[in-house]
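Below you will find one chain, with nothing else, as C-alpha cells; this is the form predicted alone, and questions on how it binds or moves follow later.
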C-alpha cells in the first residue's frame, strides 16, 4: 500500500508503522518513543527483541535527546559523515526506551541522507526507529516493491525510489575518545580512522548492534559464494543462476552480471538478488568480490547471506 508524505506523517504520529526510503535500504519505521509501535516493528519483522534498533533523527542537534554522552570524537565523526550511511552507537540516556535499545546501555543514532526521509523526520517532528523493512535474516529492500513483496500489501510504503547506497550503514560505537567498528558499510574503516586520527579499539564489554547475526541478508533460494570464477563455473548447471562481478568466462546457466565497481555493485546488489530469488531456481551461485578495502562491506553481506 503506497502512501504519500502527509499520510506517512499521520500514520506514524498515530502509532503505526510505515516503510520509508533511506539512501541505504528501506526501513520499517515507527515512533522511537512509542513502545507499542516499536513492538509492531519486531512482530512484523519476526525479529528477536534482543536486537537493537537504529533511531533516525533529523540532525545532530537531536543527539542530546537520546545520548548521555556526545564526546568530541563522536561529534567529529557526526560532522564528517552525517547526513549519510553512518550510525553512531553512544551511551544512552536512562529514559530512552528499553525496547528501542534492546535493554542495552547504548543507543544507535543516524541522520539519513535521503531527502524524503529527512523531510518526513522534520515534518513529523519524530525520531524514527527503522530497521530494514524485511523479515529477519531475509534480503533487505532497496525499492518499494521489495517491501511489498516481502511484507505484504498491508504495510504502508512511502515510495522514495531506488536506494542510492544500497547496503546498510556503517556502525561505529564511541566511548569518550575511542571508537570501535561494529558493522562494515560503504563508509570504510580507513575513512573513519582518518577523521578520528586513531585506529579502531576493542572495548572491554561487547556492544550489540544490528547486522551482527551470522545469517543475514539472505534470499530464500539456497546460495553459495565462490572465491573464484572457475570454481563457480564448475558448479553451475541449468537449474542454477549465477551472479558475476566483471567480465570474463560465463557459466552454462542464467547469469546476472555487475560492473566491477564497488559503489555500483553495492547499489545494485540487493535488487539483483531479489530478481535472482524470484526465478525459483535450485541454487544461486555468487562470485565473491575482490578482498580489497572498498569491497569489504559487500563481501560481509554476501558471506552472511550464504551462511
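Positions refer to the first chain, counted from 1. Note that the coordinates shown come from a computational prediction; the quantities given were computed from them, not determined experimentally.
Beyond the structure shown, there is the form predicted together with a small molecule, which is absent from this document and is the topic of what follows.
Looking at the small molecule in the predicted complex, residues 22, 56 and 104 each place a heavy atom within 4.5 Å of it. Picking from 126 to 134, 74 to 82, 145 to 153, 194 to 202 the stretch near the small molecule in the predicted complex, with a 4.5 Å limit on heavy atoms, gives 126 to 134.
Shown alone here, residue 208 lies within 4.5 Å of the small molecule in the predicted complex, counting heavy atoms only. Though the partner is left out of this view, residue 51 does reach within 4.5 Å of the small molecule in the predicted complex, counting heavy atoms only. At the 4.5 Å threshold, heavy atoms of residue 182 reach the small molecule in the predicted complex. Interface membership of residue 237, defined by any non-hydrogen atom within 4.5 Å of the small molecule in the predicted complex, is ruled out.
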